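Have a look below at one chain only, the form predicted on its own, in structure tokens format.
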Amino acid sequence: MAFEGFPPLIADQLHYLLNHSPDSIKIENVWSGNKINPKILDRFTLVIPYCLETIKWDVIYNSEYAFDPPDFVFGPDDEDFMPCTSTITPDDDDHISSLKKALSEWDNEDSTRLLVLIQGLRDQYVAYQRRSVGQVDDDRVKFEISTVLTRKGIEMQRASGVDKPEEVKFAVPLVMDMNINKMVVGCPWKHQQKIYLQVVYPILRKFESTASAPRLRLVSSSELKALFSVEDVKLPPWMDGMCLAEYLPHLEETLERQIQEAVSAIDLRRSFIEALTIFLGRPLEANPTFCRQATFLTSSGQFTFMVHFFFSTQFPKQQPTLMLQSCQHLNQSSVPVKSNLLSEYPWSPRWEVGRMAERLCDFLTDEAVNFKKYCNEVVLQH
């Protein structure tokens, strides 16, 4: 994003924060607190990922006193969050000391300072929420905390509202015996891909004798969808009396197996694209890393058209979707005429890739006649 309107020193710190933070922090809105020159921007809202959702903090610089560190305004649900005064545990003391050091050694000319400050505050926020959850009067939640705290990176949050019951959320980073990035040849990802389990526990009311099963949801970084979609994963059932410490190993084992299958599917898609070249020639373009798309130029008599192939991560269980695009016909907007998405054609995931390609190209031979007729009708209408 552009940082026009901010004083250069604030702009440098904001730019460094957004480009170097390990979390995908975003800026939501900006405004000015400068009464002399309101065009000078010195305040903004940060949207910070936390517990697989987001929290919002206002960052308040004073452009008239640019040497001072910024102030912070936390969310309306976090009025008790006082990061520089809490001394509940020795670990908190360490975080507070580093946070006070970041403030006392503030250097407005150092572009890294805002990131250091935000990270220190976020560490304190993790500890604050963990203390808050630990105070919940629910034996199951207390037990779950005791069984999973040895896992690194767990975040938790206590949430309640006027119209909804109190609940506790856990964000658990799943630990698998694999480095997903290294499993993909030519992997373009800059950050390590991770998968989390969000677990939401409704707080047991006094008149309820049986705790209901938690709500479970898998969440991954968006980049991972090019290889593997967690939305396609069928979560193992949560049995009565089960706890997270029992549930997680089975889930992690299931995910490891499915990710390995997803990596193998890349080679299957690549082999299928290569098999198509026997019938359609070399592709105009193809995604070389994940093999999720490919485009071929072909013809039917004098009619020349392109065929776009779109592959899901479920290939070959799910056949590719096709779209035809004419190289000779334009619609009223001077855009090449395209077909609807096509996915109904002979297909079996049990065929070897050569037969898949042959049967699909037989289908294209017939479909090209229908598509040419459709293109001519579109042109005649205009």
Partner chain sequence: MDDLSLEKIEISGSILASLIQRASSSPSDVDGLIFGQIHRIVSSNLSDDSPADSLASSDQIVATVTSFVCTGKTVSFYDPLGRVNSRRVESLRVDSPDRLIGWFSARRKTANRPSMRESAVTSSLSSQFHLPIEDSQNPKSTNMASCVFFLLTTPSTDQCIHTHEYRAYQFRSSKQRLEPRSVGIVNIGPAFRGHYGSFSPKSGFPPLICELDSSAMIVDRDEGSLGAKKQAAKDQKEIDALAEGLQVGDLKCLVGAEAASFTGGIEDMYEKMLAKIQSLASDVETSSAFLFQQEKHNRKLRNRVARIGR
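Numbering follows the first chain given and starts at 1. All figures in this text were calculated on a predicted structure; none of them were measured in a lab.
Beyond what is shown, the protein has a form predicted together with its partner chain; the following relates to that form.
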(message) Against its partner chain in the predicted complex, would Pro316 count as a contact residue? Criterion: heavy atoms within 4.5 Å.
(response) no
(message) With a cut-off of 4.5 Å between heavy atoms, is Glu109 one of the residues that contacts its partner chain in the predicted complex?
(response) yes
(request) Decide whether Pro70 counts as a contact residue for its partner chain in the predicted complex under a heavy atom distance cut-off of 4.5 Å. (result) yes
(message) Is Ala127 near its partner chain? Define near as a heavy atom within 4.5 Å, in the predicted complex.
(response) no
(request) Would you mind picking the one in Thr54, Gln328, Asn62, Ser343 that has a heavy atom within 4.5 Å of its partner chain in the predicted complex? (result) Asn62
(message) By the heavy atom within 4.5 Å rule, which residue out of Asp137, Glu231, Glu285, Asp80 makes contact with its partner chain in the predicted complex?
(response) Asp80
(request) Sort through 293 to 301, 145 to 153, 260 to 268, 70 to 78 and report the only stretch with a non-hydrogen atom within 4.5 Å of its partner chain in the predicted complex. (result) 70 to 78
(request) For the heavy atom contacts within 4.5 Å of its partner chain in the predicted complex, list the residues of 8 to 41 involved, in sequence order. (result) Pro8, Leu9, Trp31, Ser32, Gly33, Asn34, Lys35, Ile36, Asn37, Ile40
